[in-house]
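First comes one chain, alone, set out as structure tokens in the form predicted alone.
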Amino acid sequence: MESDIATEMAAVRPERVVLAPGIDVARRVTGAAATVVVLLVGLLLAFIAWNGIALFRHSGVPILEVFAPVWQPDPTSGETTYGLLPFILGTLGVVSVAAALAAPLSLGLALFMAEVAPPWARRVMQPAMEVFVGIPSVVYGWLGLTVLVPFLAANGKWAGFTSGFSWFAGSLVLALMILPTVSSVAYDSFRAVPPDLRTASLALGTTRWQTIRHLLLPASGAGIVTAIVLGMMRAAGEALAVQMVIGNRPLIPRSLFQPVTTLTAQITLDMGNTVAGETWNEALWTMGLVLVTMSFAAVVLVRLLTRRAGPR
């Protein structure tokens, strides 16, 4: 009787597809797909790097000139200078202020959804956040251009705004853009903490807020760091929304209330004025290489911080 049951179970059990004995098709296919992806990423990075160093390799521009404070790439306007320092500092400044504005609000929203909100509120807020993530960046930029910039121009004279186009306007738009992204990643990190840990903490007599402070936040440290850095990298790679409100002046930022520019904004502004092979075009590729380097540094930073921010 038992042998009959075993025979029937073996008959209905799905078998792995193999090309030959010992060859697992599924594993081979997934391995090949992963290899193709790695090769594509490697080729893309190599292409960007090769074109990014053409400014020094082909045109002979000194590497240290990249850190000059003056950007004047048009040969018809006088002596050319390819200083990228205003764009690098502008990018770092806009992204840092946007992260400083968005991080507390995002973490507070994620904590509310994960630990405080009733189920019906969570069911409403989660889809709402997903909708905000999917809104095109040009919509944020258009709102900033038509609402935020005129408001700052009309009401910000006391703060030193020369116009509504400013570093602060760009950071506000980016903070609004990355808020749902940071909130979603942080929420998933909070929900990943085992419920047994919360129950054990409450059983020891701690309050909900003590549990959040001493258990949930330390246990979710790696996810929080990842959420903030991912939001910053999305902000660093944004071009159109920032370009519409930031003023686009290639000057080293000295005040939150002055117009500045970023790497991505300058690439989109100048890409139509250059042709492949000229020094100006090669300088734009160098900007792209700087952006890739910043992204790579952010990935390394996440790896290092998540090792230290994990639960102890």
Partner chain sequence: MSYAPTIPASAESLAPTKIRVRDLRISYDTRVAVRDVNLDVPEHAVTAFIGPSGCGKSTILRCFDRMNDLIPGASVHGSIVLDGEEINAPGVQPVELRRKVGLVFQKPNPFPMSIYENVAYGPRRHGVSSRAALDEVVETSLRRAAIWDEVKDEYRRKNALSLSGGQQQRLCIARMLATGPEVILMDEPCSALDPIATLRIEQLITELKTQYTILIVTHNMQQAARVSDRTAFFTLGDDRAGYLVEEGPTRMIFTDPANRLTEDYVAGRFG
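Residue numbers count along the first chain shown, from 1. Keep in mind that this is a model prediction, so the values were computed, not measured.
Absent from the display: the form predicted in complex with its partner chain. The rest refers to it.
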| query | If you check in the predicted bound form, do S189, L217 and V229 all have a non-hydrogen atom within 4.5 Å of its partner chain? | reply | no
| field | Answer range among 91 to 99, 152 to 160, 75 to 83, 197 to 205 for contact with its partner chain, defined in the predicted bound form as heavy atoms within 4.5 Å | value | 197 to 205
| message | Since only the chain is shown here, I'm wondering whether S184 would be in contact with its partner chain in the predicted bound form (any heavy atom pair within 4.5 Å). | response | no
